[in-house]
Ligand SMILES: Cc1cc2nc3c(=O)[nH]c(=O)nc-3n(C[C@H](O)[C@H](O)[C@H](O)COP(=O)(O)OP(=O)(O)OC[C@H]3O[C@@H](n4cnc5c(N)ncnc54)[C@H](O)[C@@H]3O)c2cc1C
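First comes one chain, alone, set out as structure tokens in the form predicted on its own.
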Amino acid sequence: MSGLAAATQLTQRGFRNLTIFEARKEAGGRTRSYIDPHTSDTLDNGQHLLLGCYRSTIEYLQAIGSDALLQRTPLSIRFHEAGRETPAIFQIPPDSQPPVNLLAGLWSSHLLTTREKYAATRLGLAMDTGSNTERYDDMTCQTFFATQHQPDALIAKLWEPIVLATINAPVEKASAVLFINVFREAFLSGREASELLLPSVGLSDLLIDPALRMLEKSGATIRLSTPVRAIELQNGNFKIVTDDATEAFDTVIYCGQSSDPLPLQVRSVIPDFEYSPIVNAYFWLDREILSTPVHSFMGTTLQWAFPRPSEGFPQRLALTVSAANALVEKTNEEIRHILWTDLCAAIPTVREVRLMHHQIIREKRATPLLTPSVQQSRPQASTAIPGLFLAGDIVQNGLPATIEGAVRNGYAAARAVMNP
């Protein structure tokens, strides 16, 4: 996504002779779709939640002509828990400005006790009025919540699900700065910021294929299944080494996950980091059990469920588990059993439902694990070598590794090319 965003931005500004190298046989990296051969449904490789605060993503979609494929709806989340007969609802009123809309959502919900609502209000107002986040640079989310006197039950019910969904890291490892920035953008930056943007198509049709068509129409060269093995500086030009050839370029934007192809002096400024996995599953059911767009699960391995349309079945559920280190190494059947058991425990009517088909998708290297130290060490788009720029997840933008973060970093790299 970061590379496509950079390329489309440069194309719009009149740059030509662009070549895009993609290691995989399809573009889009971890943001893509494929056809399930059993059901003919279009499946995303993982459930990505798009929000109204994704301003760069919206700009990108407008540029490639697919923004009309999104439908806006106010944020509403059903929270399910074993033993709770009906789910608790957290809902942002659509017609009020922040922070009033957030406070109304908190206080009208049965998710939290009165004490927890007061604590959540204190934290929300503190993040609304805070000017900078430097004092939290060294803090994990867990430490930050402790300094803000947040009850454990509140963290488990509300804050931890947000951290897992956005940063893909447990609270004891995730950077507090990232949580604060996400919270401010999603809930405090404008009336429409927290709205859900629901695509009517798969991620490839929304984000990838229209961009490829735009780039090809502008004359860009797109080389799939062509991993870059090395980027070498030679006589003022860059030599791009692939398995088949070595080619010269004036400017390079590198968006890859691995730093191995980069020159040593650039590679040395990229922090060492681990990856955090995500496990996704699709369940096809013989009847509809969920009707609203977003469902959270408490006290289970399963974290989120999103009803998705299906061509031949009454309902398809997209299930997600972030920071899934304990789950990702299990067999497909073990994962299916765990997630189905969780569904049955949290929604008793599921016990009467037949699971008709399922798909398990693992992303072992889904996102960088953005701890406080890694967050502080993320490099900028410009490097010490003129003409060589960085984009992708690890580049600093104050956000987690999301679609919005990828697009922003692509745009930042493109701006750096235009204004070296």
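Keep in mind it's a predicted model, so treat the numbers as computed, not measured. Numbers for residues come from their place in the sequence shown, where the first is 1.
We do not show the form predicted in complex with the ligand, though everything after this point is about it.
**Student:** Does the 4.5 Å heavy atom contact test between A23 and the ligand in the predicted complex come out positive?
**Tutor:** So A23 counts as contacting the ligand.
**Student:** Is P372 part of the interface with the ligand in the predicted complex - any heavy atom within 4.5 Å?
**Tutor:** Judged by the heavy-atom cut-off of 4.5 Å, P372 is well away from the ligand in the predicted complex.
**Student:** C53 versus the ligand, in the predicted complex: is there a non-hydrogen atom within 4.5 Å?
**Tutor:** Answer no; every heavy atom of C53 is more than 4.5 Å from the ligand in the predicted complex.
**Student:** N280: heavy atom within 4.5 Å of the ligand in the predicted complex?
**Tutor:** The answer is yes: N280 has a heavy atom within 4.5 Å of the ligand.
**Student:** Among P74, P93 and P293, does every residue place a heavy atom within 4.5 Å of the ligand in the predicted complex?
**Tutor:** Checked in the predicted complex: no contact with the ligand for any of the three.
**Student:** Out of the stretches listed (265-273, 94-102, 336-344, 250-258), which one is close to the ligand in the predicted complex, meaning heavy atoms within 4.5 Å?
**Tutor:** Going through the listed ranges, the match is 250-258.
**Student:** So the ligand isn't shown here. In the predicted complex, which residue out of Q47, S66, T383, S33 has a non-hydrogen atom within 4.5 Å of it?
**Tutor:** Checked against the cut-off, the match is Q47.
**Student:** Could you list which residues of 393-409 come within 4.5 Å of the ligand in the predicted complex, counting heavy atoms only?
**Tutor:** In sequence order, D393, A401, T402, I403, E404, A406 come within 4.5 Å of the partner.
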